[in-house]
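Only one chain comes next, encoded as structure tokens, the form predicted on its own.
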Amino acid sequence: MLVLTRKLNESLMIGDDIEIKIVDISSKNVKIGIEAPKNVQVFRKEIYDEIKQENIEAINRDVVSLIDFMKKKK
């Protein structure tokens, strides 16, 4: 993992299109602003993990449903 030190109102760039700016710093929180193209999805990590898990569960449900369907067709 790359670790960078930034001060208030300083930014970093990811590629040419994504800018991450430190907009506020309080005791234990850092508020960041993200400017990215609309086609780039940005999620909090915990939300990203939930979406990923729900997608895995949906795929598994679909596979089970497909297997059940195929068994009934025989």
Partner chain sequence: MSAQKVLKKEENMEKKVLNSPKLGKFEYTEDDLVTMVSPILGFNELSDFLFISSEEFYPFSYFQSVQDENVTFILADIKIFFPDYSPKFNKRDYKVLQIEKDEDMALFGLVVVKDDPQDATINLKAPVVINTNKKLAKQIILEDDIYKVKTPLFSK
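Residue numbers count along the first chain shown, from 1. Bear in mind that the values here come from a model prediction, so they are computed numbers and not experimental data. So that the term is clear: the rigid core is the largest set of C-alpha atoms that superpose within 1.5 Å between two forms.
There is another form of this protein, the form predicted together with its partner chain, and it is not shown here; the text below is about that form.
S.K.: Do residue 38 and its partner chain share at least one heavy atom pair within 4.5 Å in the predicted bound form?
M.R.: Output for residue 38 is yes: heavy atoms within 4.5 Å of its partner chain.
S.K.: Is there any non-hydrogen atom of residue 47 lying within 4.5 Å of its partner chain in the predicted bound form?
M.R.: Contact with its partner chain, yes.
S.K.: At 4.5 Å between heavy atoms, is residue 70 in contact with its partner chain in the predicted bound form?
M.R.: Residue 70: contacts its partner chain in the predicted bound form.
S.K.: I'd like to know if residue 9 sits close to its partner chain in the predicted bound form, meaning any non-hydrogen atom pair within 4.5 angstroms.
M.R.: Taking the distances in the predicted bound form, the answer for residue 9 is no, it never comes within 4.5 Å of its partner chain.
S.K.: Enumerate the residues of 51-66 that have a non-hydrogen atom within 4.5 Å of its partner chain in the predicted bound form, in sequence order, or give none.
M.R.: Those in contact are 51, 52, 54, 55, 56, 57, 58, 59, 60, 61, 62, 63, 65, 66.
S.K.: Answer yes if the CA of residue 13 moves 2 Å or more between this form and the one not shown after aligning the rigid core, and no otherwise.
M.R.: It does not, since the residue 13 C-alpha is displaced less than 2 Å between this form and the one not shown after the core fit.
S.K.: C-alpha of residue 66: shift of 2 angstroms or more between this form and the one not shown, rigid core aligned?
M.R.: Shift at residue 66: 2 Å or more after core fit.
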